[in-house]
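Let's start with one chain on its own, the form predicted on its own, as C-alpha cells.
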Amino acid sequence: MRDDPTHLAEQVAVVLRHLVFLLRRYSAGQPLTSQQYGVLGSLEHGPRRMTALAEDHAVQLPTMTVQINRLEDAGLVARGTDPADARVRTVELTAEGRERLQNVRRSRIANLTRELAALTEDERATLAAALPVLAKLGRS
C-alpha cells in the first residue's frame, strides 16, 4: 500500500490541503486574499504578461483581469507594455506591493517557524529530507 501511487496521491493531497489552509490562516485578517498575495508573488521577479499570470494561476483571463484591477486600485501593481511588443500588456509590482508581499511572507515564516519548532528534531529532519521530492512534484 505504501508504494501505491493512488493511495500516496490521496494522502499527499489531504496533507497539502491542510498546509495551504494553515498558510492562509497566517494571512487572515489582511486586506488582500491569499489568491491576491499569490498573484503578487508571481510578479516578484519582474513584469509578467496577463495571459501568463492567468495560466499560472489556472484561471481565465477575465478573472485575472479583475484581480489585477483590484491590486492596481490598491496601488500594489502597475500595468506596462512589453518592450518586445507594445500591444502586449504587462503587470509588475509597485514598491508598495513588494513591501506588502515581503511583510506577509515574514509573518508566514515566523508563524511556520513556531509550528516547526514544536516538532521533534527527527520530524524536522524527515520533513527536510522530503522537501526535494515535494519540490520535484511542484515543478511537474
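The numbering used is simple: start at 1 and walk along the sequence shown. Please read these numbers as outputs of a predicted model, since none were measured by experiment.
Only in words, not in the display: the form predicted in complex with the DNA, which the text now covers.
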message = So, a 4.5 angstroms cut-off on heavy atom distances: do all three of 41, 102 and 107 pass it with respect to the DNA in the predicted complex?
response = no
query = Can you pick the one in 94, 111, 35, 30 that has a heavy atom within 4.5 Å of the DNA in the predicted complex?
reply = 35
request  = Although the DNA is absent from this view, report whether residue 45 comes within 4.5 Å of it in the predicted complex, heavy atoms only.
outcome  = no
query = Just to confirm, residue 98 within 4.5 Å of the DNA in the predicted complex by heavy atoms?
reply = no
inquiry  = Since only the chain is shown here, I'm wondering whether residue 124 would be in contact with the DNA in the predicted complex (any heavy atom pair within 4.5 Å).
reply    = no
query = Heavy atom to heavy atom, is residue 25 within 4.5 Å of the DNA in the predicted complex?
reply = no
note = Of the residues spanning 61-79, the ones with some heavy atom within 4.5 Å of the DNA in the predicted complex are 61, 62, 63, 65, 66, 67, 69, 70, 79
